[in-house]
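A single chain, nothing else alongside it, follows as structure tokens in the form predicted on its own.
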Amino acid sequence: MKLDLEQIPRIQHITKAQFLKEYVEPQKPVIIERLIEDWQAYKKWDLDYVDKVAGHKTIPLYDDRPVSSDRKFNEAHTRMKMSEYIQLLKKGPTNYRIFLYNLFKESPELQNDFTYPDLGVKFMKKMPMLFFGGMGSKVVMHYDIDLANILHFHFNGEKQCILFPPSESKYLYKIPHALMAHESIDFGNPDFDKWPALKHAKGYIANLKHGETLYMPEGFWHQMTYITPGFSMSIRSVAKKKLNFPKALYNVFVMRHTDNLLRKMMGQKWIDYKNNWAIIRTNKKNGFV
């Protein structure tokens, strides 16, 4: 038995009116295949180009080790030169990823390679973020802290994207005081005996290739698996739904700092408590007790 996932709809081109009416207003994901073919980034951006432009920069890296009380929310696991990291990606599978990194501040020439699409949504110009991953590396199932509308552009290869709308949170074993599902779940091959509520979750799946754009609506859960080494860029627009904006403020200014404080005070006991409570709460809500 597999997860109940349908293919994310695809379209080659899209108008502003169509994007707003068919996807933003109803909060539905879509892949736009040819949105950025006029960008210089579409022609130029690959690992070699990034190495040439930013190889000398020191970058933060994350791997797949479980969340630990030893580290704060989103604290990096290690650092290395971008050129060293790119060589690591080229050699073969690696778990090291770059996550939520604003390379454009340190290498502003990269900003000349793209423009912000005119799709009727106001994107935050100071927050384009890059994400890199090696073959086989995975990003844990999570949703973004600011509950933003996101355009996610992929470069240099292919990666698999699994999405769930916020309505499915009750089935995903969400960790309390966090933005992620239980780290032990393998969403590529889930054990439904261990995680029975997942059988009820309905989501989306697609492979994103070079130059393709994924629209992720507000608060959508997403898990990415890099089929080949590659990288992506995300731009975001603030949450539009009435309840999501105050939730985003709470996540940024209260939840994150509270979690860091409790990690410091309680150590691993706080992490273990949250992991256990995610299982108990989800199974109880869904009648698996």
Ligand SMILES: O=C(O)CCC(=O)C(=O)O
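Bear in mind the structure is a predicted one, so any value in this text is a computation, not a measurement. Start at 1 with the first residue shown and count on from there.
Although not depicted, the form predicted together with the named molecule is the subject of the following passage.
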### Message
I'd like to know if residue 104 sits close to the named molecule in the predicted bound form, meaning any non-hydrogen atom pair within 4.5 angstroms.
### Response
no
### the named molecule contact in the predicted bound form: residue 139, any heavy atom under 4.5 Å
yes
### Message
Would you classify residue 263 as touching the named molecule in the predicted bound form, given a 4.5 Å non-hydrogen atom cut-off?
### Response
no
### Task
Flag residue 234 as yes or no: does it have a non-hydrogen atom within 4.5 angstroms of any non-hydrogen atom of the named molecule in the predicted bound form?
yes
### Task
Would you check whether the named molecule, in the predicted bound form, lies within 4.5 angstroms of a non-hydrogen atom from each of 171, 179 and 202?
no
### Query
Among 224-232, 57-65, 244-252, 33-41, which stretch has residues whose heavy atoms lie within 4.5 Å of the named molecule in the predicted bound form?
224-232
### Query
Which listed residue (216, 206, 185, 198) meets the criterion of a heavy atom within 4.5 Å of the named molecule in the predicted bound form?
216
### Message
Counting any non-hydrogen atom inside 4.5 Å, which residue from 96, 114, 131, 155 sits next to the named molecule in the predicted bound form?
### Response
131
### in the predicted bound form: members of 156-182 within 4.5 Å of the named molecule, any heavy atom
159
